[in-house]
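The chain that follows stands alone, in the form predicted on its own, written as structure tokens.
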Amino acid sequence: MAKKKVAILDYGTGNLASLEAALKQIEVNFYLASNTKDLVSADALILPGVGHFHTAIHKLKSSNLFRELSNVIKSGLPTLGICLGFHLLCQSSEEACEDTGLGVIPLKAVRIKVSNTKAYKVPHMGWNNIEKSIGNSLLLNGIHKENQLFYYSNAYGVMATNQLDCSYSLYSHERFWVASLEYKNIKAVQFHPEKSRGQGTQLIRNFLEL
């Protein structure tokens, strides 16, 4: 795994310390990618999960990364989107309705709305179990059902859907939302594996070993 070059997309929207620490723990050879040249030598790509949708899209476009990034992912580069990174891979997000996402996943991120505001808070912050898995998840390989507990920090998410012909999992926050999905060469998670203890580290390892 140490020989694989992993590019972390740098769109200047948040602290990457937790992700970098998790990758160092499993001895991953990673670097920050902020231009198209940085993507050329990557064996895998991670879109980190902190920041605002509009700010991230604006950064990608101003650095001329937006179109090339979409092309590189469509060409088959193994890609992992985390939280905001998941939303950027989608068609759009209600966090910034005026912007379009990369569109490599045919889904949309929407604002989480709950009716029982005493039981369910927005943003959704804290630990939550994966409650349903559809298909054979490679991301969750080796993580026993009782350990499929991950850390979330999000006010936007992707609603549960049967539109995708792929493996995915669901978590519940008053209703079902997509926790993870595996769509072609693209893997995406709503939670933060880099903040989810050993099970999160195992998920990252699974992605890099695919």
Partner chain sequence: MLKPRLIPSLLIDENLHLTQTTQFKGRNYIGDPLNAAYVLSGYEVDELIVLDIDASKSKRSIPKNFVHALAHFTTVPLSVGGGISTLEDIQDILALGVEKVVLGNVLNKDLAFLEIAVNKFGSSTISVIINIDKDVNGNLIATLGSVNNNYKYMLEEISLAVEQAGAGEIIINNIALDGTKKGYDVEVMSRINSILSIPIVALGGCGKFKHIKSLLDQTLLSGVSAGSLFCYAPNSSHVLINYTEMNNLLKAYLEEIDFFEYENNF
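This is a predicted model, so every value here is computed, not measured. Numbering follows the first chain given and starts at 1.
Unshown form predicted in complex with the partner chain; subsequent notes refer to it.
Look at 133-141, 97-105, 68-76, 115-123: in the model of the complex, residues with non-hydrogen atoms within 4.5 angstroms of the partner chain sit in 115-123.
Contact check for residue 161: no non-hydrogen atom falls within 4.5 Å of the partner chain in the model of the complex.
The partner chain in the model of the complex is not approached by residue 92, whose heavy atoms all lie more than 4.5 angstroms from it. Within 4.5 Å of some heavy atom of the partner chain in the model of the complex lies at least one heavy atom of residue 172. None of the heavy atoms of residue 167 is located within 4.5 Å of the partner chain in the model of the complex. Annotation: in the model of the complex, residues 26, 145 and 206 none come within 4.5 Å of the partner chain through any heavy atom.
With contact defined as any non-hydrogen atom lying within 4.5 angstroms of the partner chain in the model of the complex, the contacting residues in 40-54 are 50, 51, 52, given in sequence order.
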